[in-house]
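One chain follows as structure tokens, the form predicted on its own.
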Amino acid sequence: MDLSLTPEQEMLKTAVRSFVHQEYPKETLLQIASPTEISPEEPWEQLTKTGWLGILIPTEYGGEGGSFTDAGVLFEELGRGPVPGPHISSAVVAALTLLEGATEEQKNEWLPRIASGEVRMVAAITEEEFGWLESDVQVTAEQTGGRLTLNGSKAYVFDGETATHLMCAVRSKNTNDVGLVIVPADSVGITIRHLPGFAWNQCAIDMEDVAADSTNVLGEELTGGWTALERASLKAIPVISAYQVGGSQAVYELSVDYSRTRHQFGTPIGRFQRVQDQIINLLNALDAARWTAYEALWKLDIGRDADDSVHLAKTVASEGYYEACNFAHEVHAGVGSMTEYGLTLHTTASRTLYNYLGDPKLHRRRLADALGL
């Protein structure tokens, strides 16, 4: 197993890091995260111009046709920001779901527009209980001829406030099948409410008699839509894990720098054993997340069965980023809680991503199933 990066991937890493430094400095990230300030549009527009949103989309659909490891390199550097926006929800989760379950006509309609950033398609899956199982889907779709009528509520939807389209998980009132339906976010009957305290404009979405055309059902049939989402999730998770690795790396560097420059009792606090313990714990969480994420990406690229590695990566990276932020706050003490310092950007991101596509408890159970335990 060779997890070293190619020269091209090293160049990509350098280019993305430079881009994030220029377009998403800490001041911009704080402005985007602020509940009272207007988020600037220019950084996201610049990101769409790079073509990186299409890194997982094949060239025949207007994308870059990159490997999963390429995507991991890209998203690790975005995670160092942490750069917000629908790059995860649209360019990864929605795009991979379309590739797994859409008709050829649907792929040609949506994927080039996702790659260009024209369409921000957000997967609206979870509901009040925040469950990621098929049995948790309660939003209904009633079919009458060639039309569907959607009713119910979604919760904890990533980037829902900035979405142009929603890929909604729905349960058929006619057959009880669970599938995916694409609807414009500004459709009549859709109400979007911001959920404070989360990263990436998480929101709740209420749907009352929302009309949808049956041609916008993924694969044109509700049957099979959920399995397409699950297949896509197995490919999306290692990319998201790489994003969490990038966040953990940034938190580690921030903590090491602070331990060297903050003096107490006439010496840098990094000389104190308790501070060293916290940094070592942070580094262990970072390394575990990195190697499990890139092993899963490597397996996907070479076509090996990656289920066990994917579930392990999700568990380790989600807990690793979460704990890395905890250890960093131990190192920083009070200053780490100051919004303007920047550490809380990662703290919020680590909590928000912890449950996305399933929490570690769920993936531990699935890891046991994959290993036949």
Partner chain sequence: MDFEPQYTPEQEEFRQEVKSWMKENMPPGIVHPADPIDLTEEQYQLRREFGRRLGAKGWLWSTASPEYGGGGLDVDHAVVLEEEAEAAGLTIPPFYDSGGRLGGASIVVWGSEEQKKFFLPPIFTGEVRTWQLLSEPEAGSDLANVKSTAVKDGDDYIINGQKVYVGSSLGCDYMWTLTVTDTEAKRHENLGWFMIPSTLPGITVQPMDLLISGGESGAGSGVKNTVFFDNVRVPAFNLIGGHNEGWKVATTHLELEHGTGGKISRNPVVDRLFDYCRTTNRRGQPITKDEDAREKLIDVHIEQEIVRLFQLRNYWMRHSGISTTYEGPQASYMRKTLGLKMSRHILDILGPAALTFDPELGASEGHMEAHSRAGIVAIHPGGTTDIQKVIMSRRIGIGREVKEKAGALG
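Positions refer to the first chain, counted from 1. Not measured: the values here are computed from a predicted model.
This protein has a second form, the form predicted together with the partner chain, left out of what is shown; the following refers to that one.
Exercise. Where, among 236-244, 151-159, 219-227, 260-268, do residues come within 4.5 Å of the partner chain in the model of the complex by heavy atom distance?
Worked result: Heavy atoms within 4.5 Å of the partner chain in the model of the complex occur in 260-268.
Exercise. With the partner absent here, would Leu3, Gln273 and Trp298 each sit within 4.5 Å of the partner chain in the model of the complex, counting heavy atoms only?
Worked result: Yes, the whole candidate spot contacts the partner chain.
For this session: Taking 4.5 Å between heavy atoms as the contact cutoff, choose which of Leu254, Val137, Leu283, Val119 touches the partner chain in the model of the complex.
Result: By the 4.5 Å heavy-atom cutoff, the listed residue in contact is Leu283.
For this session: Identify which of Asp186, Asp287, Glu105, Glu128 has a heavy atom within 4.5 Å of the partner chain in the model of the complex; exactly one of them does.
Result: Of Asp186, Asp287, Glu105, Glu128, the residue with a heavy atom within 4.5 Å of the partner chain in the model of the complex is Asp287.
Exercise. Does the partner chain get within 4.5 angstroms of any non-hydrogen atom of Thr292 in the model of the complex?
Worked result: Close contact exists here: in the model of the complex, Thr292 approaches the partner chain to within 4.5 Å, heavy atoms only.
Exercise. Contact between Glu8 and the partner chain in the model of the complex at 4.5 Å, heavy atoms?
Worked result: Result no; Glu8 lies far from the partner chain in the model of the complex.
Exercise. Looking at the partner-bound form in the model of the complex, is Ser318 within 4.5 Å of the partner chain by any heavy atom?
Worked result: Result no; Ser318 lies far from the partner chain in the model of the complex.
Exercise. Is Ile192 one of the residues lying within 4.5 Å of the partner chain in the model of the complex, judged by heavy atom distances?
Worked result: Contact with the partner chain, no.
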